[in-house]
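Quick heads-up: the structure tokens below are two forms of one chain, split into structure 1 and structure 2.
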Structure 1
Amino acid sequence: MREDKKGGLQYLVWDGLPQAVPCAPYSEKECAFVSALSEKLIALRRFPDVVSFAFFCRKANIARLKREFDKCPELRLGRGTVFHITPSNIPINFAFSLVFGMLSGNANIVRVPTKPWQQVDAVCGAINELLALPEFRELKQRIAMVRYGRDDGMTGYFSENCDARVVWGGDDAVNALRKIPIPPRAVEMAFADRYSFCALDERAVASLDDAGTARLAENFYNDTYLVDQNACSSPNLIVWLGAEKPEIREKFWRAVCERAAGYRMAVSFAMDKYSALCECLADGCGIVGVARHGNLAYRVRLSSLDGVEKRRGKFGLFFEYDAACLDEIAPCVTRKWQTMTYFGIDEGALREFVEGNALKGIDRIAPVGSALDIGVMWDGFDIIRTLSRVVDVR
């Protein structure tokens, strides 16, 4: 991978500042590039998150998204240049952000994670290889991937040269970046701190045989341990619905821990998890029980969900709450709540939960195992339409 270093700025993919020449969303060239990138990355089995990204980018999925987009008749063009600021704790997020910018018809400047992830190197290497091909050479002037530390001057430079800015990060990071101006006509999407949970119908879990329980545990593992629970869509809280049967829950957690047996975390992360558990116990408010499964899973049982979005789990720290039905938790749902994963609940009940309670939060509802399936609808945004503009022809 070509990488030039100048004054702390690393150019991972660079052919100068991208040319802000907008094109129509889902243009043929951009779609072909994204599909070719998928073919290059799909074989990287050692990186499950890269494989998931490649699966999203596959030709059939992009064609499906284009068909859905084309159902709306308005004329649209990209806004010009999108500046993406991506998080350091989710290695593949930057690649999704780039693809969203490309599919919406824009040139893109992407600030990749400052942490040295192998996934970043693999994706940027594949992008450079594709841009060297004759059929994609013109896209070299529409893609820039850079890495640099905290530098308001550099961020200000890219911000003043953008038509849209996409910010992924915590609340503090978003608020700090908003002090750096963008052009008056530019738009901004900010994906800040969110809180996610998982709802499990205990009777549905009880009905599973050993193979079914193992599949559920596998899917739950992918939602959580795969990214150390760092993703905003990874559940921190597990809501158990129905009659309480401790043996069912123990069976589920045994299966989760069996799947997580190969999970490895640094000693410092293990200490962070233990410290977080101790802080919860010291606070004590609303805690009615604690269970540990070795060092793989800590479970904190709650009697109340008041302020639960402040209780964050990482590396296998989970909070549990018993509810007779979904409506019971509705009063605690705030704008912070993002993703609800579920098992054993029918679609009608899910729709009634959201509509009947006029929820302030929850932007995504997806089956267990799909928490990390980022898409063009995210955090309540239609990303492609937000990053493109309507040309009103009458």
Structure 2
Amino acid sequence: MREDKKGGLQYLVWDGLPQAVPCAPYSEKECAFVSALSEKLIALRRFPDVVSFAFFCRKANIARLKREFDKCPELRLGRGTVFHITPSNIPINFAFSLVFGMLSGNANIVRVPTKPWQQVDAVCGAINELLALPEFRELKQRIAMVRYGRDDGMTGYFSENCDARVVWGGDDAVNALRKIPIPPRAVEMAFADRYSFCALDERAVASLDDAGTARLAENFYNDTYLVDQNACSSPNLIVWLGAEKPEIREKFWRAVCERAAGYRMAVSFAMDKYSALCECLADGCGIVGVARHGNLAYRVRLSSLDGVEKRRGKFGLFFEYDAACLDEIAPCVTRKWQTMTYFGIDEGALREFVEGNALKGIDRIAPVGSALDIGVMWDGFDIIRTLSRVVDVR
């Protein structure tokens, strides 16, 4: 790692400012690099999030994504250079962002989190080792990983030199970055604050045996507690479909609490959560009741979904709503809504819900347990197509 003392800029991977020479999406060289990175990181056997990133990057998965992509015969090339600004609190996100930039045929400048995550060092270390190999020499000038604090001058410099800018991290980050211009032809893919929910079919949950309930709870835990219920795709609201039997719901929550028993509930999280609960109770409207499982899970039952997206839970604060059918919640769905996780609802019903109601929001519909599974389709963007340009040949 080199360090530019003057600017507080650290070069984690660097061979000069990347050259904006585009290539086709899923080109052979980039795909080979990504799967080589996968092998290296899997062999490392450290950090669960690095392993799941490596799993995404494995050869078979990239080949599958390429096949999907190739179904559409249009001619595409990367835009040139992508400048990525990645979030500080999800350490592996920067690596996904880089790989998306590579697979779409671009050179990449990635600003990694300023926090000293070991995952960042592990991935950058692996990248440097691969770039030192003769077969990847030509990629050297296509990957730059930098770390610096909030420095508008530096960000301005990288922004001037990009063809696409990717901004992770919510409304504040997006608004701050919008003040820093990008070239007129450049595009920006910005990930704003989003709201997510989970729909559970009561009858389907009722039919589960103990092992099945535990699996569902495990999946739900992974969507929520694993990231302090603080990722944009973690559900805040649980919609119970066909809710008639409260005991089914209790069975589910008991299983969730059992799974979450080892959750790292910091003292300040407990205080934040209790304060948030009191805050929403004080307002009084639209609340039917509260159930508390120690301080592990707070459940606020709602009688109305008015303004529900302003009710945000963290650290295991959930809002619950009973609905006879999915259509009942359609009027509340705004463009802020991102991920819908579901259990026990068939695909036809899901499609009908979105199409039939012409929803303004909801960009992802995924089974419970997959809320955080990032992919080339994310937040309503087809990332590979957004970061590449189409050449119209007639």
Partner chain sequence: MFGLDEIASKPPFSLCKNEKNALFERALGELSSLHCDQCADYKNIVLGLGFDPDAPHRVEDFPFLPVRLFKTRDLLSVERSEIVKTMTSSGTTGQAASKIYLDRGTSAAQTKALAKIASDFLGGARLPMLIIDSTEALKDRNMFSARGAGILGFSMLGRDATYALDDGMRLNFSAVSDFLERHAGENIFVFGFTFMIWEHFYKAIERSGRHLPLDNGILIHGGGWKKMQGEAVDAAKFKEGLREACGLRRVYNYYGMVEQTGSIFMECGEGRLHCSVFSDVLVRDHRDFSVRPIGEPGLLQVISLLPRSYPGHSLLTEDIGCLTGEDDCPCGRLGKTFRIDGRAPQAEARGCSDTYERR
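Please note that residue numbering is based on structure 1, beginning with 1 at the start of its sequence. Think of the rigid core as the biggest set of C-alphas that the two forms share within 1.5 Å after superposition. Just so it is clear, the structure is predicted and the values come from calculations on it, not from any experiment.
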Out of structure 1 and structure 2, where do we see the form predicted in complex with the partner chain? 2
Against the rigid core, is the Cα displacement of K115 between the two structures at least 2 Å? yes
Is A132 among the residues whose Cα moves by 2 Å or more between the two structures after superposition of the rigid core? yes
